[in-house]
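Only one chain is given next, in structure tokens, and it is the form predicted on its own.
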């Protein structure tokens, strides 16, 4: 056999010094589609974080009666908008009210003057016409993605709807990940009657149709919020994570480094959460990534069927629902949110496939 060259030895040393996650990141970066999908998700996250700065009718920052305010924070939480504007009866009409009630005031507005929760009226912004409604609200220079039947701007709803789409995915799978990892870890590491009991619980939950359970729970709630959807989706999506975590714990607890930790006197809980858990996270991240895509589809489907969060709710699924009855006349209510849902779900699936290939030890061995 040929002797290894200096370059080959240096490459092996670099990979060894990187560690598992560093090598996995290098393998992930070689997959162009996965990296493109990751960039798309990062872009969506930035859009969700800075949605009130991109599109809205509330100033980003303004000076009113000698004080500086940030009314756009009201899009994140209504209580964050200073009560002085409600006291002075602005009614979300800032441009004219600022000039009328305080001639010395000034304000910086978002890039696009549209609101996801109401219709922009005639003359609100420098004699600009109001939003059309119904079938007249096709895409135009003022309404890039058109308007819905009530005259709400679709572009504004889609930008602010990214907050709902991403939060439902991340929070619901965060809940599912915590439940699944905990139950899977206890079942796999403790074994015995604990494993038998928890395995039966996992199988029982798997036998219940998740969509039927979600619809039943939603029907019991008078006022459905996005947090309710996150909790319901998270509490019904943990079984796959639990089974995978159980299998990883069953395998890892037989490893030599666990035997060494026991010999050194480490407690059972320290071994479980300090040594075994962090070594089992890599394969568990893959179903969590796929689960985020599934959670977005579930939320969109529930909103489309009318079981989503109560209005006002600028969800992509709600936009699809508003265009369902007039699909031939209001095609923009179907095309734009449908494309957004498709691209977002596709991006998460591509990231999941990239993670699976980057963290699979068999593929790492094949590459060497």
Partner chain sequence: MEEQSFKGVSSVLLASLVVLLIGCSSSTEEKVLLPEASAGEDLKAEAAPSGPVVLGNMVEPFDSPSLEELTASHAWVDRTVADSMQRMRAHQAKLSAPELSAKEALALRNDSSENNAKILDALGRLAPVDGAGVNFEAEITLLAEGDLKSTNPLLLSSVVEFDYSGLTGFGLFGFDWTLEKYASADTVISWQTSEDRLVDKIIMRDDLTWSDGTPITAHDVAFTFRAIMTDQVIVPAIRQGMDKIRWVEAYDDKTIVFFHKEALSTNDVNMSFSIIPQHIYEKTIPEDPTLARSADHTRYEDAPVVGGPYMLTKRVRGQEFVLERREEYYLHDGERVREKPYFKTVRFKVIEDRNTALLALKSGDLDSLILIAEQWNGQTGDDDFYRHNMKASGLEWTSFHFCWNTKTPYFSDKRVRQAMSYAVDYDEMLNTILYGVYQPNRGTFHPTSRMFPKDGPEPYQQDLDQAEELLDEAGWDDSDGDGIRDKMIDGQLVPFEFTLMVVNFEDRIKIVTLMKESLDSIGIVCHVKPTEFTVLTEMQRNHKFQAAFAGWGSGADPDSTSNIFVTEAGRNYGGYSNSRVDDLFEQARREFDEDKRYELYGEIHKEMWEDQPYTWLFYRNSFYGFNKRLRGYNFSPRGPFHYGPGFSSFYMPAAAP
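Numbering follows the first chain given and starts at 1. None of the values given here were measured: they were computed from a predicted structure.
Not pictured, yet referred to below: the form predicted in complex with the partner chain.
Chemist: Establish, in the model of the complex, whether 78, 219 and 328 all lie within 4.5 Å of the partner chain, using non-hydrogen atoms for the distance.
Modeler: Every residue of the candidate spot has a heavy atom within 4.5 Å of the partner chain in the model of the complex.
Chemist: Whether residue 125 contacts the partner chain in the model of the complex should be assessed with a 4.5 Å heavy atom distance threshold; does it?
Modeler: No - in the model of the complex, heavy atoms of residue 125 and the partner chain never come within 4.5 Å of each other.
Chemist: Quick one: is residue 121 in contact with the partner chain in the model of the complex, heavy atoms, 4.5 Å cut-off?
Modeler: Yes - in the model of the complex, heavy atoms of residue 121 and the partner chain come within 4.5 Å of each other.
Chemist: My question is simply whether residue 324 lines the interface with the partner chain in the model of the complex - judged by any non-hydrogen atom within 4.5 Å.
Modeler: Answer yes; at least one heavy atom of residue 324 falls within 4.5 Å of the partner chain in the model of the complex.
Chemist: Given that the partner is absent here, does residue 251 sit within 4.5 Å of the partner chain in the model of the complex, heavy atoms only?
Modeler: No - in the model of the complex, heavy atoms of residue 251 and the partner chain never come within 4.5 Å of each other.
Chemist: Thinking of the partner chain in the model of the complex, which stretch from 153-161, 192-200, 104-112, 82-90 has heavy atoms inside 4.5 Å of it?
Modeler: Of the options, only 82-90 has residues within 4.5 Å of the partner.
Chemist: Quick one: from 149, 140, 167, 97, grab the residue that has a heavy atom within 4.5 Å of the partner chain in the model of the complex.
Modeler: Answer to the contact question: 149.
Chemist: Which pick from 174, 130, 283, 134 sits with a heavy atom within 4.5 Å of the partner chain in the model of the complex?
Modeler: Residue within 4.5 Å of the partner: 134.
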